[in-house]
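A lone chain, given as structure tokens: the form predicted on its own.
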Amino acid sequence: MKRRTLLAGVTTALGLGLAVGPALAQDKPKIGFVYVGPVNDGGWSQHHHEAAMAMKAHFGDAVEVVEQASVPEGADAERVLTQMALGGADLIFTTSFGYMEPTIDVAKKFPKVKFEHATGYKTAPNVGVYSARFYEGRAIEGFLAGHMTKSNKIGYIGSFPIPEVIRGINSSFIHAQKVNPDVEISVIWISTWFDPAKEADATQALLDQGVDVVLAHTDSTAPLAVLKEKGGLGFGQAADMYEYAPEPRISSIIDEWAPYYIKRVQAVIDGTWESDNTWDGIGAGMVGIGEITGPVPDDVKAEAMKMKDDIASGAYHPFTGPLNKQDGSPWLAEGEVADDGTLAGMNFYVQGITGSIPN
């Protein structure tokens, strides 16, 4: 499986001048990672694992890495985190939204252990949080989807109805509709991050509704596999998934975690780690956009890349008014940009999306 930007991310981290090797005299730090899926899922968990391995390669023998994959969110996560803490972990990365409460609970019991939780919002003196502005990448995907749909119907496979996923749906639809006012979006919620069978069934259900471009906020390559067999276009999610290019995969959102992992482990080594709340996007290099391939016209590719550059520079924000909420009530006035607080807690669809958000 190709990961075209992971090495670039590691090179970026090296370019930051981060020291390799421990600054502490005691035993080398032990760094733990907990994944919700298998490390070969082709997407989210695999990319966290590969970023962890890139971090390990950066520090070499200066750190020890322990991993636990396919850990369900809930009581199992609390058990695994407790075992890691008892096993001498100095810093533990918990890489799924549903690990938030277990992370907070275990952190209270082990105040000397540091924790980093991906995509959550609860912090503590020994718990930091980090996430990526995936909605920036969704804007580009929506732009491409709006241009490439022939049926004017695009689909979205949602995992759980949390703000991260709702932001992605809204951003995708807003930008699809900007270039194609006739576009409609169908959302199917499957209540899981990783289940290839459910992801495949959801993709087929969308195709049966006349959808011809599918976006997925789930972790496996199953949607692309179905699209390759049945026809339609899609995107890599969390990883490049380039083995499905040039069709059905026409681009991808790529999670770039390695530089962050290197930075935070370095802080542990230096004794400077503090609880923090990091939410970075394309400009900071945490969200990558895969090569645009296949039937996308050159002028559309160029426009998509200009949008990427404008988002990266801050010249454009994907949630810029005028925008209304689903019920038609005003949300953002002309030129007004959504604030981070609203985005972080987003629990509504924008105008034009049909259906309801599950509780």
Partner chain sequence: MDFSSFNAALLIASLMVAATPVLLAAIGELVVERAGVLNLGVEGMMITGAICGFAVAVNTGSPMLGFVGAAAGSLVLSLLFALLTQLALANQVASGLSLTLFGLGLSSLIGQSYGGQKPPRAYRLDIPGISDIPFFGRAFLQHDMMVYVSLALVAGVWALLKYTRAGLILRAVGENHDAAHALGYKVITIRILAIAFGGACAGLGGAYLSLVRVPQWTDGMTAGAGWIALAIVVFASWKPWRALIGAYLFGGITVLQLNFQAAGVAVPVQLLSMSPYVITILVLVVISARSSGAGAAPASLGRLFHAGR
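Numbering follows the first chain given and starts at 1. Bear in mind that the values here come from a model prediction, so they are computed numbers and not experimental data.
Just so you know, the form predicted together with its partner chain exists too; it's not on screen, but the next bit is about it.
Annotated contacts: 38, 209 and 355 all touch its partner chain in the model of the complex [non-hydrogen atom within 4.5 angstroms]. Contact with its partner chain in the model of the complex, defined as any heavy atom within 4.5 Å, is confined among 173-181, 186-194, 140-148, 268-276 to 186-194.
For the options 226, 127, 282, 214, the one in contact with its partner chain in the model of the complex, meaning a heavy atom within 4.5 Å, is 226. Using a 4.5 Å cutoff between non-hydrogen atoms, residue 204 counts as a contact of its partner chain in the model of the complex. Among heavy atoms of residue 222, some come within 4.5 Å of its partner chain in the model of the complex. Though the partner is left out of this view, residue 134 does not reach within 4.5 Å of its partner chain in the model of the complex, counting heavy atoms only. Its partner chain is not drawn, but in the model of the complex it has no heavy atom within 4.5 Å of residue 257.
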